[in-house]
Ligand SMILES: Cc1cc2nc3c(=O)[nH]c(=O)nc-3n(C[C@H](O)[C@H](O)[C@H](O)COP(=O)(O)OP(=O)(O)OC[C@H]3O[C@@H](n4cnc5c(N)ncnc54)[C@H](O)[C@@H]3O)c2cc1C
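For reference, the chain that follows is the form predicted alone, supplied as structure tokens.
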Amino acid sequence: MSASLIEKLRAIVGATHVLTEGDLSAFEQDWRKRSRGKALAVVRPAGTQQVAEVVKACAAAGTAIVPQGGNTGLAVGSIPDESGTQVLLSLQRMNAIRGIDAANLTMTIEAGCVLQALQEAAEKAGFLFPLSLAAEGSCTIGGNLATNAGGTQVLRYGNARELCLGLEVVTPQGGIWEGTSGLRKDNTGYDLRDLVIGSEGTLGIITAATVKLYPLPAARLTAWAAVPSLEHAVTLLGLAHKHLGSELTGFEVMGRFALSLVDKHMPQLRVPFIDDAAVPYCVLLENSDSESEEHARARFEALLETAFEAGCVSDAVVAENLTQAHQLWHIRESIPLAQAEEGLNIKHDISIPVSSIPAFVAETDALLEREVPGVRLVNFGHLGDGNLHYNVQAPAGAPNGGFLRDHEARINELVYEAVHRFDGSFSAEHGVGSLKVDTLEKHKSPVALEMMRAIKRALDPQNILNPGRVIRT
């Protein structure tokens, strides 16, 4: 049966785009290189109709399909399992920008379009597409929508879901739902768009999307501020809301140890205030002004003056130009890479009500230190929307493999229980994938789980789209 299916797939997309031999690690290994699967074949369609025909062929053969964009996910949700029976459907060839509607402030793009290419196309046309994250040079918009990606500007513009007006989706039966009209008002029944966004390829395969565009800001200012504590960072956030309003587009917090890893492994980046041992946290703020550079700078300076007087900022630097601003953002975005250079680690992508973040961190830090003396916390993230990347590094000198084997399960349990106590979420922007299915079943209510299973059974009764991901049926 598998040989017959492969021949059918070759007939649909062309023999050169059905990969069964050679090094397929780019498709079969997850981004963090912690998991490796085995695909029956890697299939690379060129268009939506080909995707639909591939799905129909796999459905007829009872063969599971794993959709994949840039394979940059962190929850092991877009690689095949180890059975060698699943088809890996790569959408990377489907990368066209179908069009920009300037009057409607929308762009329609195919799912395999790399996020950075989308950003650049929007800017060339005089617009802003604000979704921005560290992997933007390789992640794709289809994957961003499938996981409801967040990034650094959620505070102002929202997650990927808020940036999307419509989708084109191939159903588990091979039907094509065309929903890319770009309407901002459409109350004709259930919102299928929002159902598919964030479903991680388990309910349908996103093949194209219509997204919102915004006018380019007249000025952008970026500041790097040293703060005495997380409590002071939260106070600074409140002041920033008051002084900047909706023009506050980014508010990132970074712990000292996280920044020390950047300084250690990427010393050329010159981390501000890293030599001051009295600085436990730094904040990166961005202000996008619709009026002028002068207006932006005046409001920024008023904010910082108030913050200094309130004692919630001990020192600060304001980027003098875009080059300096990019350098500051590059430091922030380099934390995950620096952490990888330090060794294997345990990642947590969590969200907590902003007001509770200082108490959560203090309590959970103490819990983990008691559990694993010497453990190192790499704490950073999007404080403005309550999303922390609360990562755990082995004690200095400890073997990485042994640390993960001996402590990962227990550390995850402690962190997720603390998140639950603080009314948070164990997955803020990375999704559930296969890594967190058990955690979802433990922390989601039975009613919510059954609703999710009912949706999956109704839309994908064969369970052929990304089975075992997000929810067990």
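The first residue of the sequence shown is number 1, and the count goes up from there. Predicted model only: the values in this text are computed from it and were never measured.
The next section is about a form of this same protein that is not shown, the form predicted in complex with the ligand.
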Legend entry - All of A135, N144 and T147 within 4.5 Å of the ligand in the predicted bound form, heavy atom check: yes
Inset, instruction - Work out which of L74, L237, A226, L221 lies within 4.5 Å of the ligand in the predicted bound form, going by heavy atoms. - result: L74
Inset, instruction - Give a yes or no for F426: in the predicted bound form, does one of its heavy atoms lie within 4.5 Å of a heavy atom belonging to the ligand? - result: no
Legend entry - Partner contact for R299 in the predicted bound form: the ligand, 4.5 angstroms, heavy atom: no
Legend entry - Proximity of R256 to the ligand in the predicted bound form, heavy atoms at 4.5 Å: no
Legend entry - Partner contact for F422 in the predicted bound form: the ligand, 4.5 angstroms, heavy atom: no
Inset, instruction - Tell me the stretch among 407 to 415, 52 to 60, 33 to 41, 427 to 435 that has any heavy atom within 4.5 angstroms of the ligand in the predicted bound form. - result: 427 to 435
Inset, instruction - Using the arrangement in the predicted bound form, list in sequence order the residues of 154 to 171 with any heavy atom within 4.5 angstroms of the ligand. - result: none
